[in-house]
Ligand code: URA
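Before any questions on how it binds or moves, here is one chain, the form predicted alone, in structure tokens.
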């Protein structure tokens, strides 16, 4: 079965409740021969209308991220954990993910990408369970001949501008890995060190703020 045939079959799916509220099914888009596969959570309002993944505001930022490391949408494949828009853009529920996982698994089988880039915690949980994206973003894992590079979902930068440079910095690490300039272990050690330093700094700031508040309280008394 070709990817086009698979996606046409996917568009006829009505296995779960999401199809009833969706305008159309959104299978995915990109090259059938892509070596890199980006996987998000589910279609949003714009994606539901156009029938394509990541074409709204989050998609425009994803395009920017790809461009920053000299990649185009045509070079990769972009899909979602669920193929129909959850009502009100809510998080996909576990039974919906389970009902839809067969389509994603078949896409993976046809495309056979070498690198998976899960965008957000729901996509990350497909490959890395029992962990936190705040600790895993920007890290690379190699398992059974496949590579997994964890990133925040681009939508987080729309709600929190401070996340924008974090995503831009993370995807640069993917470029370094693709160019063979950084191996997975070195990259993960660097990321872990940065996260540890940030956590230590935050604790110190909280401690200093606590001491300051305590001092002000004593002066008031």
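Residue numbers count along the first chain shown, from 1. All of these numbers come straight from a predicted model, not from anything done at the bench.
Although not depicted, the form predicted in complex with the named molecule is the subject of the following passage.
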| query | finding |
| --- | --- |
| Partner proximity in the predicted bound form: residue 153 to the named molecule, non-hydrogen atom cutoff 4.5 Å | yes |
| Contact test in the predicted bound form: residue 30 vs the named molecule, heavy atoms, 4.5 Å | no |
| Option from 164-172, 63-71, 30-38, 48-56 whose residues, in the predicted bound form, bring a heavy atom within 4.5 Å of the named molecule | 48-56 |
| The named molecule in the predicted bound form - contacting residues of 65-82, heavy atom within 4.5 Å | 80 |
